[in-house]
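One chain follows as structure tokens, the form predicted alone.
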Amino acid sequence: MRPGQPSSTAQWVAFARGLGPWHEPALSDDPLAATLLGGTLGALLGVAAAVPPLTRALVRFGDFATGGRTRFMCYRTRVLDDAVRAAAAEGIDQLVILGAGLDSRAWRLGSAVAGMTVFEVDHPDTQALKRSRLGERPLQAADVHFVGVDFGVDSLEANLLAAGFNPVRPALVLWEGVVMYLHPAAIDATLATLRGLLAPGSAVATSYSRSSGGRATLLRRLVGLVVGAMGEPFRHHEEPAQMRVRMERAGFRVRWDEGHPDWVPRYTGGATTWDMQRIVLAEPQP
């Protein structure tokens, strides 16, 4: 991201997430997306909510322009919301969101986060925008801590501990929409930090982009050029087998690894062959 500015891709993700319930009611509803975005994108979400045909057109255009990523973000939100609900049912009471962007789970997931302390980790510039737009909106989580981290400079471990993270208690970590922007060494370093911080019973849900499985190679390259021009270039893609090796090498056991072909029939009863981005859920090995 550009210095002194909030993440552009975080705003893109929030916009796609805000479209979700208007084109697929089974997907997660994010009523705060328009508020967090503000400006033209926030207003456009308001219009889309009132005019369903416009929503469908926006989703189709977004999928065409981004190689299917717009629809993927809506499914990704639902999958990770369900992971939070499952963690709460297991008694996990700490939720860490790495690269939180304009995430709103602490304000919208109700009983799933009612007993959780949420640690939102992100660049201070993005957090400043988010906090200004949230204002005094009441939490649904037990508590939230904004952990400002410039990942190229600051220590994730030190800042989390200083914010009150308890390494003795289990936690769920969401690493959503971040890995594809990192170099492999940075991914491995973060996984090593998490392995050292997380207690038994914890889990890490990580979204990642495959090196194959997309639609048009040319379109994929064009999307890469666009996000690069936004100051947030794609740097990493890998296959599920490689991701499994990476997680195991870092001391994690993969519980599941899923993508669109798993989610579409689960949530909407349809089918798809598109499988360019996935989520892996792993837990610390004993």
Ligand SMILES: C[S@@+](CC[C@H](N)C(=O)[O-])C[C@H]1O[C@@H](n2cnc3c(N)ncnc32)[C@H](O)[C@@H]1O
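Residue numbers here begin at 1 and follow the sequence given. Everything numeric in this text was worked out from a predicted model, so none of it was measured.
Here the subject shifts to the form predicted in complex with this ligand, a form of this protein not shown in this document.
Listed stretches are 111-119, 162-170, 194-202, 92-100; the contact stretch with this ligand in the predicted bound form is 92-100, by a heavy atom cutoff of 4.5 Å.
Screening Val149, Leu129, Ala186, Val84 for any heavy atom within 4.5 Å of this ligand in the predicted bound form leaves a single hit, Val149.
For the marked spot (Thr9, Glu176 and Tyr181), a heavy atom within 4.5 Å of this ligand in the predicted bound form is present in each of the three residues. This ligand is not drawn, but in the predicted bound form it has a heavy atom within 4.5 Å of Val13. At the 4.5 Å threshold, heavy atoms of Arg76 reach this ligand in the predicted bound form. Among residues of the shown chain, His123 is one whose heavy atoms approach this ligand to within 4.5 Å in the predicted bound form.
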